[in-house]
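Same chain, two versions here, written out as structure tokens and called structure 1 and structure 2.
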Structure 1
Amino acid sequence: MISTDNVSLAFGGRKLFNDVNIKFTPGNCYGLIGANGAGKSTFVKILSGELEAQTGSVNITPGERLSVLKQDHFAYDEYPVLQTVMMGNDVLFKIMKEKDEIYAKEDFSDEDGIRASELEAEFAEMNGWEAESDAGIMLAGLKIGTEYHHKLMKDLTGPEKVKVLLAQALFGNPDILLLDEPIFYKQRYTLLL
């Protein structure tokens, strides 16, 4: 599912890790433990592709989709809640945006029509017509009601933002899910899918 080959990273003269070889297999949950500053979050960033290792490589089974619970609670402040969740499936979200841009054109050409048709086929294949409904169901399972769906993320409390970002990470049923210090504000949640 996901593995590393001789991954190394150092900052300045300090080695965070050297020649890490590990294989995470399907169907299992793994946890990284260590002291503060040991490089756990940095290693997760390398696994997710957000940060590049100085040596070695990260390998993900072809066709598998990786998702990460984002720690930056302010990254989506200018986006509506429902849209933030749907951004969790990057490919589907890009198709949605491109479709909207094409349909918004005043001078819609034959080429635009052909491209829109291709996008519509991809969108349907990815169950795009159910995307808003699926995102709403995830939010409901996390106790984020429909009255929040069109609010901007900046108008939510910290705990509400964490729930939305969790829904974003889970959206589209990723094959690999990375959670870096998920904080749920000492509450227990049941996700109804």
Structure 2
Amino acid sequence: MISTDNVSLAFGGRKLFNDVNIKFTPGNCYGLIGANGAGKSTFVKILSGELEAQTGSVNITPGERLSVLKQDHFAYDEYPVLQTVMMGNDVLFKIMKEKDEIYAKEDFSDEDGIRASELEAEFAEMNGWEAESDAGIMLAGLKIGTEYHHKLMKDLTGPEKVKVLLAQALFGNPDILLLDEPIFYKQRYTLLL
């Protein structure tokens, strides 16, 4: 469950929300509608924690995972497709990155060795070795084949990018999924869900 308590936000004196109290309960699908510039994306950012409200708070049931499909389709342009999907699992991705950084070092100290073995254990515990094939399966389900795995996001077409970003959002196996402008995706790209 996700709820807000007296959330308010203004940009440069323009009030977007004032004391918003709302509760999104499990098992339901909610739509937020409003004119262009009304503040829908901003509200989604507040719910996901990307942006802090000026007053009030957002409460998410402890332990629930949250994923977001953002309106910004360019955020991952410099990353390869498979890696972009795996970034959907934040914790796992951080472990992978730290591991790679240690192994890339030329002067590998004893402490690096200890840290690497800790990371390997965490990685194994999270089924890290299956993560790459899981990401590939998810992409295949969205008709993005293996020939795309190592391409950079910026070299994909708009519809292909949205599919990868959707795979990223689903990859973290979220309890709460926030989709900014899903209708936009549907109209433009005929996405099969």
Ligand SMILES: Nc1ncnc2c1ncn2[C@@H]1O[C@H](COP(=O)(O)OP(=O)(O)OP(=O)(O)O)[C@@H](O)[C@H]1O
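Definition used throughout: the rigid core is the maximal C-alpha set that superposes within 1.5 Å between two forms. Numbering runs along the sequence of structure 1, starting at 1. Source: prediction; values computed, not measured.
* To do: Could you let me know which number goes with the form predicted alone?
  => Number 1 is right.
* **Core-superposed comparison between the two structures, residue 91 Cα displacement 2 Å or beyond** => No, residue 91 moves less than 2 Å.
* Asked: Against the rigid core, is the Cα displacement of residue 102 between the two structures at least 2 Å?
  -> Yes; residue 102 is a residue whose C-alpha shifts (by 2 Å or more) between the two structures when the cores are overlaid.
* Answer yes if the Cα of residue 82 shifts by 2 angstroms or more between the two structures on a rigid-core superposition, and no otherwise. => No, residue 82 moves less than 2 Å.
* Asked: Cα of residue 118: shift between the two structures in Å, core-fitted?
  -> Here residue 118 registers a C-alpha shift of 2.4 Å.
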